[in-house]
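Below you will find one chain, with nothing else, as structure tokens; this is the form predicted alone, and questions on how it binds or moves follow later.
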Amino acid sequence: MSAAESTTAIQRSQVDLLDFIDWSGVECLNQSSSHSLSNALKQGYREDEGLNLESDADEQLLIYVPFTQVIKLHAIVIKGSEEEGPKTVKLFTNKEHMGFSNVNDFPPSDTAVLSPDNLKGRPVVLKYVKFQNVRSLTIFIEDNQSDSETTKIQMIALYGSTVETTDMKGLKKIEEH
């Protein structure tokens, strides 16, 4: 495997983080009521090319994904059409309650400009050092490929690993003799 291939491939130790999403806290601002986030994020729905997440009032989307445990995020896959698929994607870690009014007040952990290859499923490998202790991820879709009013996302997949944490409840105090 060449160096170029290794930077775009998802490493073997990385898993689809779908099982670690806290679904009760997932939010998406500016989504169409008939084309919601679950179409792009949930297993079974996201594999169906006829289903997608669609923006409503304009091209922007703000997606909040909390996790059930701390994770390390390695790569993100965002699939969409060449015309209405997302273009500029800003990722924020551990930022709660962001809205369109304050999203530009914070520096993103990483920014990706999606290529046609990315929109067909090529992973975007992230700045790994900035995604080490992630409790939540906010994905800001700033614009789309053709500057049209509607952004459509067919699939979002997050790849990484869980952070092994010590279970403090399982530790016993050492008795002094």
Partner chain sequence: MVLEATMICIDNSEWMRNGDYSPSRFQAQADAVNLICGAKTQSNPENTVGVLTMAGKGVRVLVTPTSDLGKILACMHGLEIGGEMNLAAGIQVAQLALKHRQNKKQQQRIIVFAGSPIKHDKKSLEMIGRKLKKNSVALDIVNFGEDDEGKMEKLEALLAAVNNNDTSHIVHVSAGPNALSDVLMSTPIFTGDGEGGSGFAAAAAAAAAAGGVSGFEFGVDPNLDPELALALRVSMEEERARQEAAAKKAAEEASKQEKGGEEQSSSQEATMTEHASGGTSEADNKKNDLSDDDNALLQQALAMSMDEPASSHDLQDMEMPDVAADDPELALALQLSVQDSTKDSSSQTDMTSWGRSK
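Given the structure is predicted, the values throughout are model-derived calculations rather than measurements. Numbering follows the first chain given and starts at 1.
Omitted from view is the form predicted in complex with the partner chain, to which the following refers.
Here the marked residues Gln69, Asn94 and Lys130 all miss the partner chain in the predicted bound form; none has a heavy atom within 4.5 angstroms. Proximity to the partner chain in the predicted bound form, defined as a heavy atom within 4.5 Å, holds among Gln145, Ser36, Gln60, Ser136 only for Gln60. Of the residues Leu41, Leu29, Leu51, Ala112, just one reaches the partner chain in the predicted bound form with a heavy atom at 4.5 Å or closer; this is Leu29.
Although the partner is absent here, Phe106 lies well away from the partner chain in the predicted bound form, with no heavy atom inside 4.5 Å.
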